[in-house]
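Next comes just one chain, in C-alpha cells: the form predicted on its own.
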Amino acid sequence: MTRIRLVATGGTIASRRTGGGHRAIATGAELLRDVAVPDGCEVGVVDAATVGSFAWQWSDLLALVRHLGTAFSEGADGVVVTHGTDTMEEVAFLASLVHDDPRPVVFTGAQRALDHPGADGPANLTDALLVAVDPAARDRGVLVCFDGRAYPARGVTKVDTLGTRGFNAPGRGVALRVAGGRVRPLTPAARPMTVPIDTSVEALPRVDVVPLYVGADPVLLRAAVDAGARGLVLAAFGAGNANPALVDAVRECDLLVLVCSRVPSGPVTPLYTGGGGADLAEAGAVFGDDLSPWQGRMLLAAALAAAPDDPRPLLARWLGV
C-alpha cells in the first residue's frame, strides 16, 4: 500500500462562490470526493490552511514546510499539496529548497472554483496523486502538476491569470507528462540542491524585490533598506541591467543584491556597462541565473537564514557559479 499525505491549504481548488466573491471553503476531504484515488493508494488528509494563497505570510509558508517534514517522518511515501495558484511558484520553490528526501512533493491547484461547471481542480488533483505514487517522481524534489504536466519547482511560473493551462517553465520545460492514467518521464530525475534552514522560525530574513522600469530611480531600493531589508532582488532589464543611478545605489546600500530578470526566460549575465550588468557586478551584485525575481527572493532569504555572516559561498554553490 502506497501512503500519500494530502496537505490542503485552500486556494481556488477549494473555493466556492459566496455573496462577496469566491472564497476558499472546502476541506481536503471534500476535494477527494470527486477524485479517483490510484489503486493501491491510501490518502491521509491534513488541512493546513483554508485561505487564498494571495493572503499568505512567512508564518504560513514555514508552517507548510513543517507539515511536509511531519508527513515524511510519519511514513508517507509522497505528499500532495493543494494550493492557490497566485503564489504557488514561490511556495513550491521554497519547499524545494528544504526538501532533502527522494520521496516526491507535488503541488497542484485550480484556475476554476470547485463549484464552477467546468472545474479543473478534480482532474489536476487526480493527476497529482498519480504523479506522487509513480516511481518516476522520485528524486526530483518538488513538482508542480497542472493540466497534465508536472514541472520542477525551479523555473515554474504562472503564465495565465484564468486559463486552465496556468503554468509553464519557460526555458526549462516539463519533467513528467500525465496522460491516460499513466505518468511518462520526459527528463532524467535530478534532485536539486537544498539549503539548510531552521524551519521552526516564524519568518526568514526580509528580502525585497525592486522592479526596474524606464526612468526608475533609487527611491524604492532605499525605502526597502530603510524598512530593514537584509537583502534585495532586482527585477532587472533584459539580461540583468539597471541604470547608472540604481548601480550607485546598489554600491552604497551595503546589502547583498541578487540580480534576476523581469524577462520570463533566459539567464542573467554581466554584459553591459553604462548602468548595465557589468556595472552591477562591479558594484558587488550577484547574478541569479534564470531564476525569476520571486524565486530569487526565496533563494536569497533562505541563504541569509542559513549563512547570515556570508551567504555568498552558499549562493555560488546553489547557482553553480
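Keep in mind that what you see is a predicted model, and the values were worked out from it rather than measured. For every residue, the number given is its place in the sequence shown, counted from 1.
The form predicted together with a small molecule is left out here; the points below concern that form.
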{"item": "Heavy atom within 4.5 Å of the small molecule in the predicted complex - residue from 84, 152, 121, 231", "value": "84"}
{"item": "Listed residue that, although the small molecule is not shown, lies within 4.5 Å of it in the predicted complex (heavy atoms), from 158, 116, 206, 172", "value": "158"}
{"item": "Per-stretch contact check against the small molecule in the predicted complex, the hit in 188 to 196, 209 to 217, 106 to 114, 72 to 80 (non-hydrogen atom, 4.5 angstroms)", "value": "106 to 114"}
{"item": "Proximity of residue 58 to the small molecule in the predicted complex, heavy atoms at 4.5 Å", "value": "no"}
{"item": "Any non-hydrogen atom of residue 52 within 4.5 angstroms of the small molecule in the predicted complex", "value": "yes"}
